[in-house]
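Next comes just one chain, in structure tokens: the form predicted on its own.
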């Protein structure tokens, strides 16, 4: 599983305060803790007003790169902030995200193509989020064609089938699973990622919901997730799920994680 650590996000109060105060220590600790927990990418979202965001994105990128070499996932809808960040990255990177909305197609996708980054594609257009897997696939097909036409390889595409809060409609997860299966059939070389915690928004016991959802996603074909890598129960669910669908040869990854104490889950 390709893990995209989600915790450096300026919409979180502590992170937003650190960005405003230029508190390097907090940001660097978040980065190192997520890397130590196994993150393959670090999502970087300044979440600040558009006029400030380019400077804040540059500061975040520079601050994180002082302490780790993990690829970054630059998360913004602001082309100026994205360009400023891309000019500073020293390692292969990812752009989060391109939707079917015209400002994203015109402003974000060209930069991902110019810098040859990985890119997350989301099936949203100017009409909003489609309710069916077939209508989501229409947008996904358009975005994949645009990305490939811009010079990106299918392997650089991370397609997000979308997780909608289960509290708004209990059929939503089924649409997500069906969309993943269709993505896998049409684009076997692409990755499938998801903003995992969206599913449990507004519900109690969110951790249980996220764990259950993740195991079903892995069975459907998910191979990447934007998630909290420091959640040991969630990490255990991820590794166990991959083992059970034959993605962990001889159970080695799960066993190594257990022996190292990375899971630290007490058995009853």
Ligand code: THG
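Residue numbers count along the first chain shown, from 1. Everything numeric here is computed off the predicted structure, so don't read it as measured data.
One more form of this protein exists, namely the form predicted together with the ligand; it is left out here, but the text below deals with it.
- Heavy atoms of residue 179 never reach within 4.5 Å of the ligand in the predicted bound form, leaving it off the interface.
- The shortest heavy atom separation between residue 167 and the ligand in the predicted bound form exceeds 4.5 Å.
- Taking non-hydrogen atoms only, residue 88 never approaches the ligand to within 4.5 angstroms in the predicted bound form.
- Although the partner is absent here, residue 32 is not a contact residue: none of its heavy atoms lies within 4.5 angstroms of the ligand in the predicted bound form.
- With the partner removed from view, the residue among 210, 48, 237, 63 that has a non-hydrogen atom within 4.5 Å of the ligand in the predicted bound form turns out to be 210.
- Proximity to the ligand in the predicted bound form, defined as a heavy atom within 4.5 Å, holds among 220, 224, 241, 228 only for 228.
- For the marked spot (9, 96 and 120), a heavy atom within 4.5 Å of the ligand in the predicted bound form is present in each of the three residues.
- The stretch that touches the ligand in the predicted bound form, counting heavy atoms within 4.5 Å, is 191 to 199, out of 167 to 175, 130 to 138, 144 to 152, 191 to 199.
- Contacts of stretch 144 to 181 with the ligand in the predicted bound form, defined by any heavy atom lying within 4.5 Å, are made by 160 alone.
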